[in-house]
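Have a look below at one chain only, the form predicted alone, in structure tokens format.
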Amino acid sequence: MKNVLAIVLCMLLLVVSVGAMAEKVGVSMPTKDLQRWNQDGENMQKQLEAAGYTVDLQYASNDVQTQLSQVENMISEGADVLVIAAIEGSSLGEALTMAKDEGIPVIAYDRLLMESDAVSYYATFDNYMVGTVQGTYIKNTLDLDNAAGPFNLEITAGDPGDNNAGYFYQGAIDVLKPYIDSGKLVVKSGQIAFDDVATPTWATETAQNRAENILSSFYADGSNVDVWLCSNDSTALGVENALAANYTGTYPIITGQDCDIANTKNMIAGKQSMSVFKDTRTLAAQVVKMVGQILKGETVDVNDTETYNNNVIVVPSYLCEPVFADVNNYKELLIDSGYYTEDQLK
């Protein structure tokens, strides 16, 4: 009898073990070099594990081939769902085809996966709205509808390999373009088109070098830069470094995105005006919910089925809403919510 019970117990343990193994989620993040991806990965892993899933979290050091290999390994090692924040949206075609052949659903995380019909869902913040928030902040802070102007504007956008960068840029430009066209906003460098203002890999050093060139070429006569539109915090930090080293005029309005610690400290110190806050806990929670719905065969929550065309299919998407933080509300958004502690921002 004892032997029979032991056999039954072993079989039950085997079933439980197989079931646990079946609920394996591969999470591919682009890099640890930017604070926000560390937070995204940690939030995702914590919430997925709390929901009972096994998590394979990998960071690709901003190297496309590394990310491709990591995703392929996740597939080979039995992932049942993949969550991928791509370094370059069009770079993972081989892995996505492999996932489709294996019947593995893929959730594109924050960055749309391009040129593939193997993308099941897209979870992100409303990327166009991010730019709209930045452009509207500039419009309201300068009071562009009433102020005489003109005001000098410079633009630093994001990585051309990141599909989101175009949405960020366009959202802001659509707000500001009427004032550029009317001459109330003047871009002295003449660099307005996305290709001219993009920053490969969102690199702070690249943004700083370009800003230094703009300042020395167009503002050495003592002209003020009134506003510098930066699509995210790593590029804003580069602009702020350039201003600290090469600029003596009136300090400009500077936008950002992600509320990185260094940039939030700069906001408090008056060196950055705002940063769009995308609470990665909210996005992670939504992705965990979507993973559960996929694995249970339930209808997956989406709220946009029209916007995000990856050049092969329109990907069903869930868009979270961003807000902005500045010196007036950062305590409420970032500290009171537990996103940061006060000590982290000292």
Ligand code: BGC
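Residue positions are given as counts along the sequence shown, with the first one as 1. Quantities reported herein were computed from a predicted structural model and do not represent experimental measurements.
The form predicted together with the named molecule exists for this protein as well; it is not shown, and the discussion that follows is about that form.
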- Query: Counting only non-hydrogen atoms and a 4.5 angstroms cut-off, does N263 reach the named molecule in the predicted bound form?
  - Reply: no
- Message: Please tell me whether any heavy atom belonging to W37 falls inside 4.5 Å of a heavy atom of the named molecule, as the geometry stands in the predicted bound form.
- Response: yes
- Message: Can you tell me whether W202 touches the named molecule? I mean in the predicted bound form, with a 4.5 angstroms heavy atom cut-off.
- Response: yes
- Does R210 make contact with the named molecule in the predicted bound form, using a 4.5 Å heavy atom cut-off? no
- Query: Which single stretch, out of 222-230, 134-142, 242-250, 109-117, brings residue heavy atoms within 4.5 Å of the named molecule in the predicted bound form?
  - Reply: 109-117
- What residues of 58-94, in sequence order, lie within 4.5 Å of the named molecule in the predicted bound form by heavy atom? none
